[in-house]
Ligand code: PLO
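The chain that follows stands alone, in the form predicted on its own, written as structure tokens.
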């Protein structure tokens, strides 16, 4: 027994010695400079009192440089604040950094990553993305069908503004309904009327999701917290349940009416792809099949992201136009000069309204919809610039820093649509390569084309006919957003006044 104990101790001593020698022989990883950390909590004590993570990460680069690391609990996180490093992650090594960290809230939202936004880079993910891209192409850029849908919703919005003009109005739900109907037409070939109970339920569950998902909350950093009472988790579960009930109803109806010869919307396209796979017209391996969960979560992605992001940009634009009435006036003068008063705007008019396009570009720069991109995960050991990045590292790209980089943008804190115009003010362009409002690479935003169409048409239609101002007795909030999966706009009221030239106009749509 004694001999066995001595032998065991000798073996442990040799193992310890070998590890020490090996550690000295092997070079230490050259990780980005890191924030100090403590056991269990990591670097979280640096976050105390800071709810706006994008602003905190922006300030930290003054001390740690534009690429630095930290620990969120036990998770090793690399924060990217420079567009050159961001493009290396998104473009040059897009597949290597194509992973997504598993989180409690996003797993619940996406049924364990069966969607597009929060799923890992994989064969089934590529298949889903290709299907959505094909479906969007059915209505593609310049499509008369989709343009007609958006114009119908823009006209409906104008009717509401006309009926409530000169009275304080919260435009947020009206903008949301208009954008929702566009996406509904794309996904389900349906739409909502004002006051529809299903639409009201959708508004509530969407806000609940925005308030609880992808905020680097304690629940996501310490997953074991899900086993204790948690107010945010309870809210998220309730909202997801309502969402899934609505989506399940849509799926059942589409299955009942489905015909592979007639594809009218995204749900039909996904059902046909699933049928083709079941008929062995797929190269996916067993376990990589397109299930009903994949269908539902893919539509939920397009529906949720497509509505919330575009609506957020529209709300930011209206708020900035209230703060900068001279910009609103200049847009209206451009519309008056180029379009006149006898017809409504069309997509072809984008080339003739560069100042409006520049204003949209500046909104996307100064108030990026997602100030922090959804985190990426390194799928293997790799590097960013001169630094080593281990497999499993979470990569956070701070778009706020990239769009407010003083080395790339002149006076980045100032709202200046003119920065996106040439010296003659006639052509739209990007003055910096660090402009990434829709991301880049394999995970670039699928809805970029649709979003740009909606932003142009909704804004051109409303500004052609109405002037927005602050209602008497109301205070206009400062354009400071609330951090979340999107940069949320403060609540405000608008007075929409029909412009003099349009008071007697009646135009066929």
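A quick note: this is a predicted structure, and the numbers were derived from the prediction, not measured. Residue numbers count along the first chain shown, from 1.
The same protein also has a form predicted in complex with ligand PLO, omitted here; what follows describes it.
Practice prompt. Decide open versus blocked for this chain after superposing the C-alphas round the site and placing ligand PLO the way it sits in the model of the complex; the blocked call needs 3+ ligand atoms within 2.4 Å of backbone or C-beta.
Written response: This form leaves the site open.
Task: Answer option from 86, 358, 370, 271, heavy atom within 4.5 Å of ligand PLO in the model of the complex - done: Here the answer is residue option 370.
Q) Looking at 154, 90, 296, 305, which is the one with a non-hydrogen atom within 4.5 Å of ligand PLO in the model of the complex? A) Spelling it out, the residue with a heavy atom inside the cut-off is 305.
Could you tell me if residue 486 has a non-hydrogen atom within 4.5 Å of ligand PLO in the model of the complex? Yes, residue 486 sits close enough to ligand PLO in the model of the complex that at least one of its heavy atoms falls within 4.5 Å.
- Message: My question is simply whether residue 220 lines the interface with ligand PLO in the model of the complex - judged by any non-hydrogen atom within 4.5 Å.
- Response: Residue 220 lies outside the contact set for ligand PLO.
Q.
Is residue 316 near ligand PLO? Define near as a heavy atom within 4.5 Å, in the model of the complex.
A. No, no contact at 4.5 Å.
For this session: Give a yes/no on whether residue 267 approaches ligand PLO to within 4.5 Å in the model of the complex, heavy atoms considered.
Result: Heavy-atom contact with ligand PLO at 4.5 Å: absent for residue 267.
Exercise. Among 410 to 418, 254 to 262, 308 to 316, 193 to 201, which stretch has residues with heavy atoms no more than 4.5 Å from ligand PLO in the model of the complex?
Worked result: Heavy-atom contact with the partner occurs in 308 to 316.
Full three-residue contact with ligand PLO in the model of the complex, heavy atom 4.5 Å, for 351, 449 and 455 = Zero of three within 4.5 Å in the model of the complex.
query: What residues, if any, in 149 to 188 have a non-hydrogen atom within 4.5 angstroms of ligand PLO in the model of the complex?
result: The stretch 149 to 188, when checked against ligand PLO in the model of the complex, contributes no residue at the 4.5 Å heavy-atom cut-off.
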